[in-house]
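What follows is one chain in structure tokens, specifically the form predicted on its own.
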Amino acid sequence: MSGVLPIALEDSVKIISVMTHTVKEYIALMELHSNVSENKLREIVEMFVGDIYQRPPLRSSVKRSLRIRKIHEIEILDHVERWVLMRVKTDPGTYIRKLIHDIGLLLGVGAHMRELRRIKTGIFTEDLNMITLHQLSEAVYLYNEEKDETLLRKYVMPIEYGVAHLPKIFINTYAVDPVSRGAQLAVPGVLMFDKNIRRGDLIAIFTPKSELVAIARAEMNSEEILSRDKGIVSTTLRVIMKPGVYPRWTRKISDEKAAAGI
């Protein structure tokens, strides 16, 4: 297998599960054990679009229990004799080699996976800054030897890219420090938010400068946040920003803000 593999550095490892538990796309090469017609192939493949039951293969890193996974799209790109090239868009945790094995069973001829390439994980695609380890080593060399950080800045992306697919809430300056210490977010601390937030969603909390503060679980949907003047908006699950970066909420600050009508 080859293709897109997001790698987190330092504090970014805190969001690695957020990056990896996202919809994925693959290019897979399937070898059929006997020839089948184009019409039959497409008919059977179409049956696997939607929710499917799948048991992980014998050689896997998870428990071999039956589970449901969603196949969003399967597109046959090419079919020559026993070779089938296809694009698969699927939920995380789907085993493509098991999918191909099951397609072969329904076709009645058997099949196995010969090659697999992941072309997308969440927002990360082959076109979005995918590099080799050799390219990364060259960037590090230029930085160490010539103090040229151009390539390094291009290859190592800010942590905020990793949560670009999540609904977002921007909070005011004086709510940043409490949230960075694990506090829940209340309505008065909210500045802006996405209109598609649903209760229970995983969300990203940002400063007014678009710096990632924390990953949280929404306790209100967008309509509730808009209509209420108090209450808990989200429960903090994973703090990203270190405490003390923004000023703490103190009685003096609170009194000054109240006097200013803020």
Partner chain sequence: MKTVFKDQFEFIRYLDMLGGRSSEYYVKREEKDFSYGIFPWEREIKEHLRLGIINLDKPPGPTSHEVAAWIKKMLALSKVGHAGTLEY
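Positions refer to the first chain, counted from 1. Here the structure is a predicted model, which means the values were calculated and not measured.
Quick note: we don't show the form predicted together with the partner chain, though the next part is all about it.
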Checklist line | Of I71, L107, L152, L85, the one that lies within 4.5 Å of the partner chain in the predicted bound form (heavy atoms) | finding: L152
Checklist line | Listed residue (I76, L142, V187, A183) with a non-hydrogen atom within 4.5 angstroms of the partner chain in the predicted bound form | finding: V187
Next item on the list: Could you tell me which of 192-200, 63-71, 47-55, 34-42 sits within 4.5 Å of the partner chain in the predicted bound form, going by non-hydrogen atoms?
Entry: 192-200
Check: Hey, in the predicted bound form, does L166 get a heavy atom within 4.5 angstroms of the partner chain?
Finding: yes
Margin query: Contact with the partner chain in the predicted bound form for V80, defined as at least one heavy atom pair within 4.5 Å: yes or no?
Written below: no
Notebook entry, point to check: Taking 4.5 angstroms as the cut-off for heavy atoms, does R117 touch the partner chain in the predicted bound form?
Noted result: yes
Item checked: S222: touches the partner chain in the predicted bound form, heavy atom cutoff 4.5 angstroms -> yes
Item checked: Stretch 125-153: residues contacting the partner chain in the predicted bound form, 4.5 Å heavy atom cut-off -> T125, L128, N129, M130, I131, T132, L133, L136, S137, V140, Y143, E149, L152, R153
